[in-house]
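One chain comes next, on its own, written out as structure tokens in the form predicted on its own.
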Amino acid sequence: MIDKKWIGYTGPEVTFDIERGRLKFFAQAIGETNPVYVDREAAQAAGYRDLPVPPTFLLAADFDSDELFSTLAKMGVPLGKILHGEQGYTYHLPVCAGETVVVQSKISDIYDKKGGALVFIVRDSTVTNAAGELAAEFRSVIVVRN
């Protein structure tokens, strides 16, 4: 069982630059066909400053920081035993190419099911833009198989 003392643990802030080329690559990799995600003119015609992030892109940005994996290592979680259980996003403001955002994550819950055979780690993250405004929130649930 993972020690519940980790509930409330807040990781360091991670700064991430939103690059247009990376957004295009990500959109193509996930099969996104809406031109606002790959064509700057289409994005601007739709009211965006630049290419907006596809809905699931911020998790990729979070993975780039390695903060999740270093936190799991501190918690003693063997990476070979984890599964991605759930993901949810709430966008408050558009996040677009050319911006720099700050992601900060917190372990908000740890619970088990099946008599401890499965442990669930709930991680809530906030994304703020350069103006310090809350742009997005996302929740990840990581399942650890014991």
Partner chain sequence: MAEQNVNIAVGDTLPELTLPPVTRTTLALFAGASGDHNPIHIDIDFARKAGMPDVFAHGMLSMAWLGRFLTGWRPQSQLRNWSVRFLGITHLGDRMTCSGRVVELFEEGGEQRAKLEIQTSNQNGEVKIAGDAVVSLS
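Positions refer to the first chain, counted from 1. No experiment lies behind these values; they were computed from the predicted model shown.
From this point on, the text means the form predicted in complex with the partner chain, which you will not see here.
Colleague: What is the one choice in V77, A97, A60, V38 with a heavy atom within 4.5 Å of the partner chain in the predicted complex?
Modeller: Checked against the cut-off, the match is A60.
Colleague: Does the 4.5 Å heavy atom contact test between V119 and the partner chain in the predicted complex come out positive?
Modeller: V119: no contact with the partner chain in the predicted complex.
Colleague: Although the partner isn't part of this model, could you tell me whether I82 comes within 4.5 Å of the partner chain in the predicted complex, counting any heavy atom of the residue?
Modeller: Within the cut-off, so yes.
Colleague: V53: heavy atom within 4.5 Å of the partner chain in the predicted complex?
Modeller: Within the cut-off, so yes.
Colleague: Is there a heavy atom of E67 no more than 4.5 Å from a heavy atom of the partner chain in the predicted complex?
Modeller: Looking in the predicted complex, residue contacts with the partner chain do not include E67, since no heavy atom lies within 4.5 Å.
Colleague: If we check the partner chain in the predicted complex, which of the residues in 18-55 reach within 4.5 angstroms of it by a non-hydrogen atom?
Modeller: Residues within 4.5 Å: R22, F25, F26, A29, I30, G31, E32, Y37, Y48, V53, P54, P55.
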